[in-house]
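Here's a solo chain for you in structure tokens, the form predicted alone.
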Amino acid sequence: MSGLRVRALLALGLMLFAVACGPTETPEQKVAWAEGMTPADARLAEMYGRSCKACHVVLESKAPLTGDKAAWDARFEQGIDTLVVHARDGFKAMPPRGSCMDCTDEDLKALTLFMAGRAP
């Protein structure tokens, strides 16, 4: 195969790869998306706004952003029950109860599912 054909095939392969992968969101776009999200339930929305949102819309916090399903995927491999325990008891930089002292375990579960883009 000639060098020109090889280069043409490589270029075509790269173009197909780029199209298949699609555009990627910038960190700023992910933050803007996270900032605009709110749980549909008014009670959970209030809890989310005064607790979770402080970290889960801020890149520098290193918390997975609300709505960034890919950022939550590895965490969800541990199971929702483990994530609720981490939220309730605190884990690494996550403060106990996510600083939501009146959140029940069920509230923490619902909020985690919402932030991870897995709410029913």
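Here the structure is a predicted model, which means the values were calculated and not measured. Don't overthink the numbering: it's just position in the shown sequence, from 1.
Form predicted together with heme C (HEC): not shown, discussed below.
> Using a 4.5 angstroms cut-off on non-hydrogen atoms, would residue 30 count as touching heme C (HEC) in the predicted complex?
Taking the distances in the predicted complex, the answer for residue 30 is no, it never comes within 4.5 Å of heme C (HEC).
> Answer for residue 78 alone: is it within 4.5 Å of heme C (HEC) in the predicted complex, judged on heavy atom distances?
Because a heavy atom of residue 78 falls inside 4.5 Å of heme C (HEC) in the predicted complex, the answer is yes.
> Do residue 94 and heme C (HEC) come within 4.5 Å of each other in the predicted complex, heavy atoms counted?
Residue 94: yes, in contact with heme C (HEC) in the predicted complex.
> Does any part of residue 38 reach within 4.5 Å of heme C (HEC) in the predicted complex? Heavy atoms only, please.
No, residue 38 sits far enough from heme C (HEC) in the predicted complex that none of its heavy atoms falls within 4.5 Å.
> Output the sequence-ordered list of residues from 92 to 120 with at least one heavy atom within 4.5 Å of heme C (HEC) in the predicted complex.
92, 93, 94, 95, 97, 98, 100, 103, 108, 111, 112, 115, in sequence order.
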